[in-house]
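For reference, the chain that follows is the form predicted alone, supplied as structure tokens.
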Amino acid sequence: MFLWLLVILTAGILAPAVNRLIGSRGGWCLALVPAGVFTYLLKLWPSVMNQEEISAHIDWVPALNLAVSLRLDGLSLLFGLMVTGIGALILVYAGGYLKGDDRLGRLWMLLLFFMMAMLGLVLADNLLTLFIFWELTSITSYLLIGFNSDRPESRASALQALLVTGGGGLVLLPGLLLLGVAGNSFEISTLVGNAEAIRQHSLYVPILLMILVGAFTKSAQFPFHFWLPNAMAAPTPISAYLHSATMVKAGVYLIARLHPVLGGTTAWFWMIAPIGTITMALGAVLALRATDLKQILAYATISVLGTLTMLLGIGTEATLTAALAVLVAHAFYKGGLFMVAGAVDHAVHERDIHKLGGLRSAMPVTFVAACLAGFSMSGVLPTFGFVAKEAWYEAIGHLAEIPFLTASILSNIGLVAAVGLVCVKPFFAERTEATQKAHEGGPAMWGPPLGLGIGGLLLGLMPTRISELLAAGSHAVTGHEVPVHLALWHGVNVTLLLSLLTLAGGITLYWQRHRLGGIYASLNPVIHYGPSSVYAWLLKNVNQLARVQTAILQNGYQRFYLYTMIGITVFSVWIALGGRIFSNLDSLPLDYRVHEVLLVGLILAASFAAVRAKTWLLAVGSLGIVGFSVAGIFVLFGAPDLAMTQFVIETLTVLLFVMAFSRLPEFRRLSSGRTRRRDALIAIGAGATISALLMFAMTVRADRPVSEYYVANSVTEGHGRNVVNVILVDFRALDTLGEITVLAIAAIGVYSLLMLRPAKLTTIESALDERSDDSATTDPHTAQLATGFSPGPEQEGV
């Protein structure tokens, strides 16, 4: 299975080269890659049906029992077939849609990257592996939605999708981590065996809530539904792929995947089913309000995603099976309808249904594809959409689920009317000015939607062919065997009557759609202040907050940076430790020797002299005494190597200070007394805090000191008897390398500073004379060049 992902990833890398070599026909070649994976998945079908173990495993961090593991079962097989099968058609369709466009190679590349991420997501058997692929889908979908990066609306839509789904991912991660902790494993197949303990765990509700937030944002559930219609700024092949088989179904997949672990509780039902029902109804209502072909389809997708969530939330065997049936039906008809919308847009450069008409004769093959997909979406016999809707109504036909059944019927009536907007209005009636020159596209444009339409029809005629796969998927969702008996005809019963009622209501609603204008006009104020407005308000205020905090924390004054760091450090130490510091300090021994006290006194005296010094030479000398005295402490406490290093560093530092200050201009501007008192308070506070913290650390040692490990392993592991040297070059080799690099860079900087020669004033004046505009004299950088030095606020504290 890792090979499948690697092959798709490689194809994505090679896609731009394929476009340069053979142009738009490269879509047919690239489609062979997902088609090959699709074929191999079909080959594994019998093994999956027999519940054979098909998995792959790579150790990631063995010490922490972390691994990258994949597993193929009925649910992942169902999603894998959709991802690769529809993905192959999308690659072909994209070749026709962007034929002759230089960006076609990049589109193929991004589609294949996204395909790899989505396939990895549905195959993942490890929670952390699943999360990595989950985030990869967010990143690649961001690049796909913002494909037309020269358009501001595309960039804004991509950012909105990333913020909503990425924010959900940030909430999802702790939920998955807590789930792994509660279940004592990060392997989903293992967690299924610990499901009862997880449901009884005290963290069950927080875990469920965080995971559902991630799933709801990904699958555009209320109130996170607003990002999905805006994602229509992407080219149509992207919309078709994201809506039919991949990204927007990722949240639904996660709910289904974790159902055997977290499902079957009251909290599960009330957190999922009502949200799904609201989303289902809201999507259907908003679909009839839209006039753009892709917008109508996007809201219809939201409604179906709500349906899937509702069915998974109810959580009976029948509703879970019905959810998988609706999932498959939606993949076929929604992929086809999006590609039909793209073909119309490609032919007439118009998607407003009020400006479309008469395309039936100009685009006959596309019209047939639209009819097949539209019939399936409406639930017309004998398409698979009809079979799925029958299973849906049958599953929630019980007395306790009447509210869900009523909401489902009303939503489906709205979707049937939406089908009329997409499949009837553009193809019938009189031609408009926009459709006068409409023409059929090439096979790459009409072939994939027609293939999906025919596929939906064949599945409807032979539903038993897919019953076995749905049964395997239901087994993966419920954790036990579930009999599935899909049939095209169950006789005249209540379910069939409800389906006929839905069709009649949908046709009537489409016929009387002009009466909806007043209703939607009254709803506009409510919609205006909906979740989309909340998102805009949050985004605006977050940006404002970012600007304010940047102005405060990144204002360009180094002293404020120091104040901030020191203040936060002091505050954090005392908040975290509080009174424990003083209570523990009582246990410190006071057996100090005289020469140690004298050395500390020397350090304090030298520090005071450095602060009170009137000349830079005295200040540098006093600081040097501080450094050498610290080295003396190292000697007294048995660290001669460290002391030698300190002596060398202090000597070098003093010399560099003397050389640097000797070349700087005479500096007589001193800080004010108020500034010095403020800095003194800050320095005393920070110094006292660090001193107290160090002494506190000496009293709370709860384990053996780390030095014992180094002493015990220096010879055996590092083959050296000098412990300090072994630590520097073996145990902390990378740290030492980094420190050497920093020192080397600092040395180069110091050398450059010492070798710097001041520019001749005449040269600067000549350069200024060449500038004719007055701005030269007001440019602070130029002014600084002219004066040689420009003291600013930074010098106040010197």
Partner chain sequence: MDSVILKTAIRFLLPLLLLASVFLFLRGHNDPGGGFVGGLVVSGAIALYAIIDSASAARQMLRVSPRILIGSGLLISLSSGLAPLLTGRPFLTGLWTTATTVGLGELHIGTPLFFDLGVYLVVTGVSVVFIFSLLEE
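Take the two forms, find the largest set of C-alpha atoms that superpose within 1.5 Å, and that set is the rigid core. Residue numbers count along the first chain shown, from 1. Note that the structure is predicted; figures quoted are calculated from it, not measured.
Beyond the structure shown, there is the form predicted together with the partner chain, which is absent from this document and is the topic of what follows.
A heavy atom within 4.5 Å of the partner chain in the predicted complex is found for one listed residue only; from Val700, Met644, Ile566, Ala609, this is Met644.
Only one of the listed residues (Leu32, Ala56, Ala733, Leu44) places a non-hydrogen atom within 4.5 angstroms of the partner chain in the predicted complex, and that residue is Ala733. The stretch from 382 to 390, 183 to 191, 223 to 231, 719 to 727 that comes within 4.5 Å of the partner chain in the predicted complex, counting heavy atoms only, is 719 to 727. Within 4.5 Å of some heavy atom of the partner chain in the predicted complex lies at least one heavy atom of Pro640. Contact check for Trp28: every heavy atom lies farther than 4.5 Å from the partner chain in the predicted complex.
A residue is said to contact a partner when one of its heavy atoms sits within 4.5 Å of a partner heavy atom; Leu64 fails this definition for the partner chain in the predicted complex, lying far away. Among heavy atoms of Met49, none comes within 4.5 Å of the partner chain in the predicted complex. Contact annotation for 640 to 659: residues with any non-hydrogen atom within 4.5 angstroms of the partner chain in the predicted complex are Pro640, Asp641, Met644, Thr645, Val648, Ile649, Leu652, Leu655, Leu656, Val658, Met659, listed in sequence order. Relative to the superposed rigid core, the position of the CA of Val726 differs between the shown form and the other one by 2 Å or more. With a cut-off of 2 Å and the rigid core superposed, Thr190 has a Cα displacement that falls short of the cut-off between the shown form and the other one. Core-aligned CA deviation for Phe657 between the shown form and the other one: 2 Å or greater.
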